[in-house]
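Below you'll find only one chain, the form predicted alone, shown as structure tokens.
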Amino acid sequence: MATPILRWCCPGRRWVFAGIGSVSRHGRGVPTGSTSSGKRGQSSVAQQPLITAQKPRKGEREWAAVVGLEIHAQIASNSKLFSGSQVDFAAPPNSLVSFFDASLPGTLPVLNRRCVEAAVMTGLALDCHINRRSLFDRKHYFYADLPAGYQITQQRLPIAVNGSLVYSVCVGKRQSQMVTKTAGVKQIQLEQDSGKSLHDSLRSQTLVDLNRAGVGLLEVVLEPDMSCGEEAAAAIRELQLILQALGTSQANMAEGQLRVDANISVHNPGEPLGVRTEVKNLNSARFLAKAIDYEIQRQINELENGGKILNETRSFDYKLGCTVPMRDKEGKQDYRFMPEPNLPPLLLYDSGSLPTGTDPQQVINIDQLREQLPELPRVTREKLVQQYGMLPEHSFALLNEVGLLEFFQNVIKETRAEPKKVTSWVLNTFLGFLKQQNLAVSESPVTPSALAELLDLLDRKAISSSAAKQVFQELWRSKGKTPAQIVAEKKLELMQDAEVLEQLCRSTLEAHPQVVTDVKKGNPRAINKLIGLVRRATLGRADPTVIKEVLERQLSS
């Protein structure tokens, strides 16, 4: 049978399958790789996807991909969901474990108010219906890092339901057009995190750290409204920004504060949905996109080759760039959900239903939390576009990097330069240096005041653009110096004496008659050569635009 090659014929909607070549189903050219995932890992044969943006040809089969997400966000709280133990990512192993976290007999859960408020605020920000009455359940399963043998969650009646997440994806050849999409939010629920199992392959043992056990999580379940990795990654980035703006979660994926499970299936348009697989514990937006696109490709390959898709859990091996099986879900696991007997129903109120004489510290007022909602990222981006006339994609770039928007706004406050020029310098030069050095905005050696002063020098034409870049490089290397000091030390100020510049231009023309002849014959590159010669004579201290004006005037006279 022909080897399958996948084409992405329109952003986020149709996957087109074509057969090219003639290779057997189990033929050569399919890289293999096996990985281990604790005790549950298995080997896997993986074929790399090939994705191109071509239109479907006659005879090619179309496939539609369906992607849903389950997101676990660690709540930004000083203590755990049901105990007073502190939450600290860098704490020594098993140093933040209470009797309740260790599930000692006789200990009881005490609900953390901060975690409830975080769940309500997140639900409001995602336009969810907040249930005035929600319930807690026990989800039973056995694993070493779950001491109680069950997890307290909200399966039957969660705290928030029926919302929406609006996000944008880049389309077009240059990825410069933004298309707005919406993913439904099925539910938001509170639940406990489990501990962490550390597998030591050298000693053939597994160590358990219970510091994370009992930490409060928000599980946000998105409806299967996405159809490719790019859409899923964009939705996660938007949710991450919302959580950070609300302060309900730091959502640092590198520290495991935001983890994603992706449910993926493919089918032919107009036919019933296919069997889905779940890819677990994806901890970066980039890996999420790669894992989803790979899994879509793998399922199409399998179906086209006459195979069938198993309802299974898989993990993503970022080194191999493929998904590998973890465990079979064909025999559905019975979690034996039951009501949590030690926690009463969680009751929430609004201003109209609040009982008279109630202590405000003993109840959660939904209307009060709604009034405390900050400006959401979508609104901030709209304001940036309207206020500064920037492109929508630039507003996304400013918000996607932690601290970059604040840096930009501080530069704007202190400089007379146009917002467009500030935007260009912040997103291209400044952000480029940060990426090159792998630094956060807070670690930058260049302050907003220093960049504002540099842009002022450039705006009043005290230095040229090339000199400004030299000054910026020096600012990056020499912390403490001001742009004006660097300009004076390096003698980078623009030449202000017009007569001297006139003489230098005249001397250059006289010394290079052949280039002058080329200019008069209409060679467009010849004038650039003359400009470069004059700039070299001025040691880069003359404005190229002014040099060109002087040269053109002298050539025409």
Partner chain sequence: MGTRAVCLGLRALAGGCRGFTSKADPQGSRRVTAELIEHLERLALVDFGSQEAVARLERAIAFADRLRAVDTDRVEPKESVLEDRCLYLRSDNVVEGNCAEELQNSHRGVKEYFVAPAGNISWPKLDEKEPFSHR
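Just so it is clear, the structure is predicted and the values come from calculations on it, not from any experiment. Positions refer to the first chain, counted from 1.
Only in words, not in the display: the form predicted in complex with its partner chain, which the text now covers.
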When you measure heavy atoms, are 94, 136 and 210 every one within 4.5 angstroms of its partner chain in the model of the complex? yes
Using a 4.5 Å heavy atom cut-off, which stretch among 302-310, 82-90, 462-470, 289-297 contacts its partner chain in the model of the complex? 82-90
Touches its partner chain in the model of the complex: residue 204 (any heavy atom, 4.5 Å): yes
Contact label in the model of the complex: residue 98 to its partner chain, heavy atom within 4.5 Å: yes
Using a 4.5 angstroms cut-off on non-hydrogen atoms, would residue 443 count as touching its partner chain in the model of the complex? no
Looking at the partner-bound form in the model of the complex, is residue 413 within 4.5 Å of its partner chain by any heavy atom? no
Taking 4.5 Å between heavy atoms as the contact cutoff, choose which of 334, 255, 371, 375 touches its partner chain in the model of the complex. 334
By the heavy atom within 4.5 Å rule, which residue out of 269, 389, 432, 345 makes contact with its partner chain in the model of the complex? 345
When its partner chain is considered in the model of the complex, the residues of 128-160 having a heavy atom within 4.5 Å of it are 133, 135, 136, 140, 142, 143, 144, 156
